[in-house]
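Presented as structure tokens, the chain that follows is alone, the form predicted alone.
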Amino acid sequence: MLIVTEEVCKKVIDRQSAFNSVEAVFGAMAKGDAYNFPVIREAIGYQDALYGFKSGFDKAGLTLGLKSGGYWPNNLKQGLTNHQSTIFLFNPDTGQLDALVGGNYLTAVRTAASSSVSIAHLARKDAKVLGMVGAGHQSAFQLRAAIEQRDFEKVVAWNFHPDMLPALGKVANECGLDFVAMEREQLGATADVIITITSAHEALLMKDWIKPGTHIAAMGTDTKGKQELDPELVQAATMFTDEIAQSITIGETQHAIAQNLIAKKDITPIGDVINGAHQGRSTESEITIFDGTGVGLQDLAVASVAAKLAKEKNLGVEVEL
């Protein structure tokens, strides 16, 4: 069995390799060549933590495994990231454990790759202003991945805690972009592309705030009860997602579905756009939303590449079980 640490993952997986892995697995999912198993995600009644499992099998890439972990909101006080996870990869021919891979960095880069894939396929080509709703640990990953997909000139941002915005502003400035903190309503009227990456349980962006032609990557809602978008905004937009089953149960569309504002048939897997089975954006004025719920196959895809590269570069540790 190969052990691939967090530090090794950072050495072997960059944004482009994460993008390629996630884009490929979304395409495989849409073709029926890869599928996720039901998600287990529970509040454990200790440290306000959410813990669970995401797993699946990619027949095309012969990747089988699971990610175990969750969200510990008090970790920042201890100098740790709130999201903690580990990925287990199994040999699909024998069921033996092949690799144990650190999942914290990979979760951040695969989540950023997911929104980045949606921007590449759905955002207007002339998008110039990137909006960020959320300035936590994952926001910097999101920003760096997003700006590689369009010629953005400025970043506008809002966060629950304004004191966290300067750190994100520094990242934007390092990337050569102007950075402006503003209220959500103004952000909605300004941005061409918006990434929401929060742990909110209420609508942060309302329908009337969003200008025509905007693409929104809603990346924070991955649990029943979470919410970032006004259900009427979801109804008014053309909806895409990583996996429909997760979107309607634990993703952003759960609320619009519950209010009978949209139906399952109104949601398109992003893989259909990647595969050319759906045109994606149809007009310059259309509002598109990608509901990034975070599927287990994303984790397995990037972890599989990390394990392969770590082995090739002799950076992993081989152990006997």
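A quick note: this is a predicted structure, and the numbers were derived from the prediction, not measured. Counting begins at 1, following the sequence as shown.
Separately, the form predicted in complex with nicotinamide-adenine-dinucleotide exists; it is not shown, and the next lines address it.
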Testing 207-215, 92-100, 172-180, 156-164 against nicotinamide-adenine-dinucleotide in the model of the complex with a 4.5 Å heavy atom criterion leaves exactly one stretch, namely 156-164
Within 4.5 Å of nicotinamide-adenine-dinucleotide in the model of the complex - does that hold for a heavy atom of every one of 119, 131 and 193?
no
nicotinamide-adenine-dinucleotide in the model of the complex has a heavy atom of only one listed residue within 4.5 Å, and of 219, 113, 87, 234 that residue is 219
In this chain shown alone, the residue from 187, 123, 146, 135 with a heavy atom within 4.5 Å of nicotinamide-adenine-dinucleotide in the model of the complex is 135
May I ask you to state whether residue 107 is within 4.5 Å of nicotinamide-adenine-dinucleotide in the model of the complex, using heavy atom distances?
-> yes
Can any non-hydrogen atom of residue 241 be found within 4.5 angstroms of nicotinamide-adenine-dinucleotide in the model of the complex? no
ask   = Heavy atom to heavy atom, is residue 197 within 4.5 Å of nicotinamide-adenine-dinucleotide in the model of the complex?
value = yes
Can you tell me whether residue 294 touches nicotinamide-adenine-dinucleotide? I mean in the model of the complex, with a 4.5 angstroms heavy atom cut-off. yes
